[in-house]
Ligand code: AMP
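Encoded as structure tokens, the following chain is the form predicted alone, with no partner shown.
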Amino acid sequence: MTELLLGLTRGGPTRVTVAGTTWTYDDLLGAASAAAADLAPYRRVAVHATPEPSTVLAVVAALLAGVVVVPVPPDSGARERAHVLGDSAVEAWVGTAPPDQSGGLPVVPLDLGARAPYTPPTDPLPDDATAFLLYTSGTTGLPKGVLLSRAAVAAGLDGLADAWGWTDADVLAHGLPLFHVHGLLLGVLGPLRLGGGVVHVGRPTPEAYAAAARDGATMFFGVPTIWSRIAEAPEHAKDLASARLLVSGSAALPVPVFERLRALTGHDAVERYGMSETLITVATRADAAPRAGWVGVPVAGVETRLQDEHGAAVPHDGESVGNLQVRGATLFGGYLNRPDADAEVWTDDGWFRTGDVAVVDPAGWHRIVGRESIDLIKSGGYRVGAGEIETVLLGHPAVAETAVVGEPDADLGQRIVAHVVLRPEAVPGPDDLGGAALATALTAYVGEQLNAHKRPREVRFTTALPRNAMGKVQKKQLVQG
């Protein structure tokens, strides 16, 4: 049996802090063991995954009991929540249920002060037993349930421990949501497996991250939005100089933010790449020199390859764009009740189609350039990744946000169009009617750093980009024609 929580089950004085509540490992293990006894009758349970101590206790208790955990985002709409509860066939909530949205399920209460001795299971679960049922964001339809085994989660965490030199001497701090891979599996289970400390700071403000650093945190997780705010708060960023590792994920870290963090903290943030179905498959190693815009090399136990739309291999030359496929120990066991979706994502020879497009250089470093469905632009016979152009545009001092899309073009097949949100101080004045001069300057800026065929054919200024509830840009709403 794969024991996910190796560090925690050994007990000890290591500390776990969530929303101001602090447990030692002995305390958390005792509370979770007491709760696990009440979960024995259930097969799958829902966890209302708020950033609270009850979420961590519920997840740990369910894992000790061998019960499948279904994290439910606290901001889920009623329709999405009903789909998740029905599709997963959960039998109860653990801890709390959303007000008036329990779906008629019973609620198993939690007592944070209860304690019971931990007893290893006498009938261990097999390694392929499901630990988590995570639901996708549902950007192309109703969310799909992703089955993650205990062995896959353990392999993913062990691969990152190797890549990042992550040990029981580390204290991880972050303020990420507790219902997805980044915040929950990496940000909570990682320390509990490796034996290190963890501090969930609540709202991920620069002040909160600085306070955690002063209290001894050695590793920090964040998404680009968090790192951008920290980079704009030098009085707090300087405290992170004492850290060992800054990790950015979930989206590309803009080059200016990478460089500003380096100047303020002395650290180059490391990036990584993954998804619910694969966990983290590619990461910048702590013993390497991070490169802005690149997410590193495959973690231990994972392989990657690039193919074109015809299934031919794409060269690893750092320029050629291909469809990224992966295989290895971290991959999921399929989509719940969706054999049709399984058939779409697996190749005949056992590789998972990520749906992302990337480039790989001769040393094996990966750069993600977007989603195949919307970010791979075929213009004038070239395959262009929208993410590469977006990264360059974000390096211009006038640009606050940008989204690059391909639109139908009779001559080129697709033309590259950049939608740009300007910083307030950069909004064109009356002398630049319609921002024509600035648009020309931005196009030239891209041409200075990338090949000429990657320059936008058109720049459209806007006050905001359309986003979904998760904050992801909805590019399909931007495409005209």
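Note that this is a predicted model, so its numbers are computed, not measured. Just count from 1 along the sequence shown to find any residue number.
The form predicted in complex with adenosine monophosphate is left out here; the points below concern that form.
In the predicted complex, adenosine monophosphate lies farther than 4.5 Å from every heavy atom of G190.
Heavy atoms of D356 reach within 4.5 Å of adenosine monophosphate in the predicted complex, making it an interface residue. Residue contact check for T136: one or more of its heavy atoms lie within 4.5 Å of adenosine monophosphate in the predicted complex. Using a 4.5 Å cutoff between non-hydrogen atoms, G145 does not count as a contact of adenosine monophosphate in the predicted complex. Here the marked residues H48, V153 and D170 all miss adenosine monophosphate in the predicted complex; none has a heavy atom within 4.5 angstroms.
This chain is drawn without adenosine monophosphate; in the predicted complex, the residue among H267, R383, K238, R327 with a heavy atom within 4.5 Å of it is R383. A heavy atom within 4.5 Å of adenosine monophosphate in the predicted complex is found for exactly one of S276, S102, S228, Q307: S276.
Across the options 385 to 393, 309 to 317, 243 to 251, 112 to 120, residues that bring heavy atoms within 4.5 Å of adenosine monophosphate in the predicted complex belong to 243 to 251. Taking adenosine monophosphate as it sits in the predicted complex, the stretch 359 to 392 comes within 4.5 angstroms of it through a non-hydrogen atom at I368, R371, K378, R383. Here's the thing about L261 and G385: their CA atoms end up at least 3 Å farther apart in the predicted complex than they are in this form. The gap between the Cα atoms of A251 and K454 is smaller in the predicted complex, by no less than 3 Å, than in this form.
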